[in-house]
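The chain below stands alone, shown as C-alpha cells; this is the form predicted alone.
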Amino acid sequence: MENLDIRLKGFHFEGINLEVRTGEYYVLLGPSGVGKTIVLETIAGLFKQHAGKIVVDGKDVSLLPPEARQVAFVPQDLALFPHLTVLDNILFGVRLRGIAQGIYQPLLDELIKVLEIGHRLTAFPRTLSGGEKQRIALARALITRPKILLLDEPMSSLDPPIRRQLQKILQEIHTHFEVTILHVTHNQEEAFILADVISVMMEGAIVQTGKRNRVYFFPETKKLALFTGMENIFPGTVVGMDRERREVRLDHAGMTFTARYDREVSKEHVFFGVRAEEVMIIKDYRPIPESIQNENILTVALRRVVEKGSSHTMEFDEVHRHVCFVAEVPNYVYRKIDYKIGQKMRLFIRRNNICVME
C-alpha cells in the first residue's frame, strides 16, 4: 500500500504505507474498531481507495475488480455457501474461472491432505464445527493460487483449544505452500505466535512496524506498551547519557535505572518500561552473582501473587518508596521456591531489557 487514503463508513485513513514481502506472515494488529478490516477489504477490492496505490507483485491493481487482483480474502464470517457441499465450496472459485480439473486437482489433493478434511467433502457447512469451517474457507482461498492470502480475524469465534489447533494449521500452510499472508487481528498472543512482521494500527494510523519480538519487547510509545500488555511502565527523567555505549540513566521516584537504547533519546522526560517476564528475582539471603552486579537491582517486598496455571504474576513493593513492580514467574519456578507475602527479596532488571519510549 502506497500513501493509501481511505474514506469510508466514518473512517478516514490517510497516507497509509505498508509493505508485505513475498513469503512473509505479516500481521496487522490493533484494537477492535480501529478499521483493520476496512484496510483488508480495500486491498481485496471490495472498497475503492480515495487516493494512493495498491501494488501486488509489482503490478498496480488499484483499479482492478477483486477477481483480477490475484488475492484471496477469507472474511471473518467465512461466507461459506450453505447449499453447497464442502467440496463444491472449495472448488467454487476455480470453476467460476473455468480452470480445468487437471490443473487444480494436484493442489486440491494436497490441500485435503494438509488440512485433514478428506472425510468431510460431502458434508454441508451447517454440520461443520467452527474449526472445520475455517479449514474449508482456507482451502477455498488457496485453491486459486493467490499471490497473497488475506485473513480477517480468523480465530475470533473459536474456543481456545480449537484456536491453538488453527494456529498450527496456519503455520503449516504458510511453510508448506510458501504462501504470503496478511492477517488482521486484535489478539496480541495470536499475532506474536504467528507473525514474522507486525504492524500496529491505532487511531487510523500505523504506529509501529517491526519483527514480532521488537514490537513485543520494545514498543515505541507508552500507549503501544499498554496495548501490548507491558506491566511495568514508569515516567522517568534523563539524568545521564553515555552516547558511546548508547546507555541512558533514568530517575524515577529517587531510583536510578540504566537502560540501553537504539533510538535517539532527545527528551528530558520520557517513559520507560520492562515486561514482567524480564524481571528476575533473587531471594534476600542469596549473594548477587558477579555477572549481574552492574544491572538494575532493587530491594522489594512481596505484596500479592495471582496464580494462573502455567505462570504466576507476582507483585512487589520497593521497600523505601513503595513503587510497584510486577514479575511473571513460570509455575515450576514458583513451586520450587517457597515465597511468602511480605518476604523481602531483590529484583534485577537487565539494562538491555528496559524499553525507553515516548
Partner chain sequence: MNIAGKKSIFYILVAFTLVLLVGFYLILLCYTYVRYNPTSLLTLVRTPAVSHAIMVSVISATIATVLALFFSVPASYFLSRNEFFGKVFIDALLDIPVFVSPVALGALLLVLFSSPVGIRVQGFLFPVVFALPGIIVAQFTVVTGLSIRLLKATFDQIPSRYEEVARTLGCSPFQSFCKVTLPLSKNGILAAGIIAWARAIGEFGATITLVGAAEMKTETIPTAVYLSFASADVDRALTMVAILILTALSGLVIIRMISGGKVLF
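Numbering follows the first chain given and starts at 1. Keep in mind that what you see is a predicted model, and the values were worked out from it rather than measured.
Although not depicted, the form predicted together with the partner chain is the subject of the following passage.
For the chain seen here without its partner, which of 61 to 69, 300 to 308, 286 to 294, 320 to 328 has a heavy atom within 4.5 Å of the partner chain in the predicted complex?
This holds for exactly one stretch, 61 to 69.
Within 4.5 Å, heavy atoms only, which of L80, I173, A195, M201 is in contact with the partner chain in the predicted complex?
The option sitting close enough to the partner is L80.
Pick from P235, G130, P75, G210: which has a non-hydrogen atom within 4.5 Å of the partner chain in the predicted complex?
If I apply the 4.5 Å criterion carefully, the residue I get is P75.
R140 within 4.5 Å of the partner chain in the predicted complex, heavy atoms:
R140: contacts the partner chain in the predicted complex.
So in the predicted complex, is the partner chain close enough to L46 to count as touching (4.5 Å, heavy atoms)?
Residue-level check for L46: yes, a contact with the partner chain.
In the predicted complex, does E315 come within 4.5 Å of the partner chain, counting heavy atoms only?
Contact with the partner chain, no.
I'd like to know whether R97 contacts the partner chain in the predicted complex, with contact meaning heavy atoms within 4.5 angstroms.
Within the cut-off, so yes.
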